[in-house]
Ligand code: NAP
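Take a look at this single chain in structure tokens; it is the form predicted alone.
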């Protein structure tokens, strides 16, 4: 297949690596010529440029821009594509994207490969990024079955675990396990930096190891992505943040009141529940 990738960053470049390895011809488009040159040199794409008209022969196009640019780029993209071309995106918020795009392109399907690193840009792209990671396709009652089948085959080629969901359920689910952790993690880092005694802060920074690394990783990621999560999945994120605040308040109350039995019960529950989310 001729596969177009609009946006050559971590996700777009990594998709290019793996789709090329499956024998597909990959066409990249980015706003910077230097990014296109790097993508070609790295082997992420077969050809690349800044002209969106490069996609005129594409069978499918992945929109891999930041969330806020997906819909504007889609509006530009559809003026250059044949009606048979499949369009999908990789945004971590689906309901507003699907609502804005599906009515204007019959062969559109929302998608979300749940993989990434704290790094960004084409230089961060890597092979096999999506292996054994979830890839969600968000279907509506107008999504053509033929489009679903094509995407399912490509997801299989990436080695991902395929899931189907409505756009709305997807956004509610990721608010809990993807978007909330970003802001909890960021708040942890900010709280630590609030230590006013310089020697204590310096010692804490030197002593930080795997536990802190695990819990702070996503809070130290791309700020632009975090802001867009909040902007585009605002209501679901607020619900999850408010619930988290309630849980934190209950923990504070238990410690203040020296209710060690209640605290142990909470920690016993969380120990039991964590395997439900993490294999």
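Note that this is a predicted model, so its numbers are computed, not measured. Positions refer to the first chain, counted from 1.
Note that the form predicted in complex with the ligand isn't included here; everything after this is about it.
**Q** Consider the chain as shown here, without its partner, and state which of 144, 82, 121, 159 has a heavy atom within 4.5 Å of the ligand in the predicted complex.
**A** Looking at the other structure, the residue within range turns out to be 121.
**Q** Answer yes or no: in the predicted complex, does the ligand come within 4.5 Å of a heavy atom in every one of 6, 35 and 112?
**A** The answer is yes; 6, 35 and 112 each reach the ligand.
**Q** Decide whether residue 19 counts as a contact residue for the ligand in the predicted complex under a heavy atom distance cut-off of 4.5 Å.
**A** Because no heavy atom of residue 19 falls inside 4.5 Å of the ligand in the predicted complex, the answer is no.
**Q** Test of understanding: in the predicted complex, would residue 31 fall inside 4.5 Å of the ligand by heavy atoms?
**A** Contact check for residue 31: yes, within 4.5 Å of the ligand in the predicted complex.
**Q** Taking the ligand as it sits in the predicted complex, is residue 54 in contact with it (heavy atom to heavy atom, 4.5 Å or less)?
**A** No, residue 54 sits far enough from the ligand in the predicted complex that none of its heavy atoms falls within 4.5 Å.
**Q** Might residue 67 be said to contact the ligand in the predicted complex, defining contact as any heavy atom within 4.5 Å?
**A** Close contact exists here: in the predicted complex, residue 67 approaches the ligand to within 4.5 Å, heavy atoms only.
**Q** Based on heavy atom distances of at most 4.5 Å to the ligand in the predicted complex, which listed stretch, 167 to 175, 89 to 97, 145 to 153, 188 to 196, is the contact stretch?
**A** The contacting stretch is 89 to 97.
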